[in-house]
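Single chain ahead, by itself, as structure tokens, in the form predicted on its own.
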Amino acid sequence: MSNMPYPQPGSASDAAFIGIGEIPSGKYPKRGFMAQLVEAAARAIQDSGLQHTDIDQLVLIPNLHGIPDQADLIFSRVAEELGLHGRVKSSMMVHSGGSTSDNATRAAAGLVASGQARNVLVVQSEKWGSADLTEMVDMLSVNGIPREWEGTSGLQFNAIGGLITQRYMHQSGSTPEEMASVCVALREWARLNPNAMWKDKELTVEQVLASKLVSDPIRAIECPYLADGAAAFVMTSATEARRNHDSWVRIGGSGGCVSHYSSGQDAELGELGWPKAAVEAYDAAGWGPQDADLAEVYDSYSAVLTIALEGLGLSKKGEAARDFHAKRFSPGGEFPVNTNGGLLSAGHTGVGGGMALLVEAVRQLLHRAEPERQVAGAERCIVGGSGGSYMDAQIMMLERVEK
């Protein structure tokens, strides 16, 4: 993907983000799965300036909480719920775990660029926060874990987070206090985000380190909180965007690397696929970390984020945790990272965790965030997603375009 030339801004085949929608994340047991999805979709369509009947293609992001709701997604219930039955050409699903939003964007952009769709709605909904906890623990202990080898040893996602964190701390010499600072920085951003799960609760390094040890060395507050939530965005062509909008967001380039399925098969858990994916993305976009105004990168555990930031060249090797401790990535710091609070404080909405970060990137580049959270003059953002046991690294280089 990244070795193919991308259209220049404003060309007819250049896909554009023109609208986003999101609802608050957290535990909302009385808020239905489909009701969440429809509300997020309606907000995105309204934000785009389109009518719902202008949508001619649906790209759906799956849920992880239950098969019945998944079946409704697969068999086009969303088209009916949105009043688009008989109007949309297709309703399809894209799934790659935490990197799904990046790949769904590629699918939507490809449909626009090839002329197969005019206005594409990409939408996601998840009920992780209200789902049966035992079922969710069982699911996270089996899916994405090699049954023949690692599953038999009892490995599950918190254990993988612990392994990756141990490796990172050993290589970087980072202290528990520095690692805890990642959670604190993200909480500071979440406190500015009205949609964040933990917007009303402050956090300190001492509180992080005093929480229960879950999987050495990570503690309870360093694990993501399962949440309900939904988000959506609309893509169209640059020609349509220029006709109806003063600004929009384009994909300047992208890169990706699938590094493993089994954690034991990754040659370097302290790097994962980020360095290789970054080379491809930066080459495709023609700009790199020194040119970015902010980054929105997958962060289900602190080390997952620090490893990614170093692989992206946004921190020097071994220095990301110390950069967080020095408040470089906090509100008011040198470089904004995960301005919605990330999965660790905005809430982990399953596959939607990456979707929320992508939507936040578009929001920032459209200059539609709340004043206290808006990155002044934001024009370029690096978005990073990762799925499964951090099996891949997917990067989108997003750019603001104005008439």
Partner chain sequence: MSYIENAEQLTGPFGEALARGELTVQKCNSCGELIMYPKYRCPSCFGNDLDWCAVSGRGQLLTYTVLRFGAPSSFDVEPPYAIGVVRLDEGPQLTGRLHAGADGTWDHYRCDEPVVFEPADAAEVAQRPAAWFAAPRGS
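Residue numbers count along the first chain shown, from 1. Not measured: the values here are computed from a predicted model.
Just so it is clear, the following notes concern the form predicted in complex with the partner chain, a form of the same protein that is not shown.
- In short, of 83-91, 247-255, 267-275, 286-294 it is 267-275 that has heavy atoms within 4.5 Å of the partner chain in the predicted complex.
- Taking the partner from the other structure, the partner chain in the predicted complex has a heavy atom within 4.5 Å of a heavy atom of residue 148.
- The closest heavy atom approach of residue 332 to the partner chain in the predicted complex falls outside 4.5 Å.
- Residue contact check for residue 114: none of its heavy atoms lie within 4.5 Å of the partner chain in the predicted complex.
- In the predicted complex, none of the heavy atoms of residue 204 sits within 4.5 Å of a heavy atom of the partner chain.
- For the residues 215, 172, 259, 76, the 4.5 Å heavy atom test against the partner chain in the predicted complex is passed only by 215.
- Here is the short version: of 279, 155, 221, 131, the single residue with a heavy atom within 4.5 Å of the partner chain in the predicted complex is 155.
- Residues of 162-179 lying near the partner chain in the predicted complex, listed in sequence order, are 162, 163, 166, 167, 170, the criterion being any heavy atom within 4.5 Å.
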